[in-house]
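Next comes just one chain, in structure tokens: the form predicted alone.
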């Protein structure tokens, strides 16, 4: 990953070029190890695995901790697909009064709310005069661990 991708302040379109990585055809357990298997390395296009609409997919870096119960933490990068029609219950990127936010979309009976996934953060309920646009649907979160 290049340094430019690490400094995401605005949406960055994703290249349509394949991103090949090595993959082992097995699952790993988070508990006890499984018996050893013969591991055969396969080549997998990571972008084809993650994206359905490459021309409409962007990366954005998350700032803040309002989505930690959804598995999205401060400094994670989210992959956002603008071609997916947003539905209630999906994690979305919205633009509220010109600012990007990442929240869970809640729609019921014509009402709309952007819910935080952390009880210490308030939900966003649009008020009169406030602008809100559902910008795209979050399809993946990418996090880096210290190495």
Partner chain sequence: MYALVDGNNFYVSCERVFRPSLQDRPVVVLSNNDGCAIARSNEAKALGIAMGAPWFKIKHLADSDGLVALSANFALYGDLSDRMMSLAAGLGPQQEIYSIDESFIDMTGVRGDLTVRSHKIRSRILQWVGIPCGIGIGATKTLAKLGNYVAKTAERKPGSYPEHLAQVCDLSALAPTELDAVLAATAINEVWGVGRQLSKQLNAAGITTVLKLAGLDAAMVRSRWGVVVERTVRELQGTSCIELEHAPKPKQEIACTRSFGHPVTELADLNEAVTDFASRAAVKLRKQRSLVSQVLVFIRTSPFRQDAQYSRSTTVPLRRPSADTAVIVTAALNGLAAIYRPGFKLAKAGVMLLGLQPDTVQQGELALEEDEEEDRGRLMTTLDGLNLRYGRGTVLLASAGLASDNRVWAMKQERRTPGYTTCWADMPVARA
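Positions refer to the first chain, counted from 1. Worth saying up front: this structure is predicted, and the values here are computed from it rather than measured.
Keep in mind the form predicted in complex with the partner chain is missing from the figure; the text below concerns it.
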{"item": "4.5 angstroms heavy atom contact with the partner chain in the predicted complex for residue 69", "value": "no"}
{"item": "Partner proximity in the predicted complex: residue 114 to the partner chain, non-hydrogen atom cutoff 4.5 Å", "value": "no"}
{"item": "Contact test in the predicted complex: residue 65 vs the partner chain, heavy atoms, 4.5 Å", "value": "yes"}
{"item": "Contact flag, residue 98 vs the partner chain in the predicted complex, heavy atom cut 4.5 Å", "value": "yes"}
{"item": "Position in contact with the partner chain when the complex is considered in the predicted complex, options 120, 55, 49, 42, heavy atoms within 4.5 Å", "value": "55"}
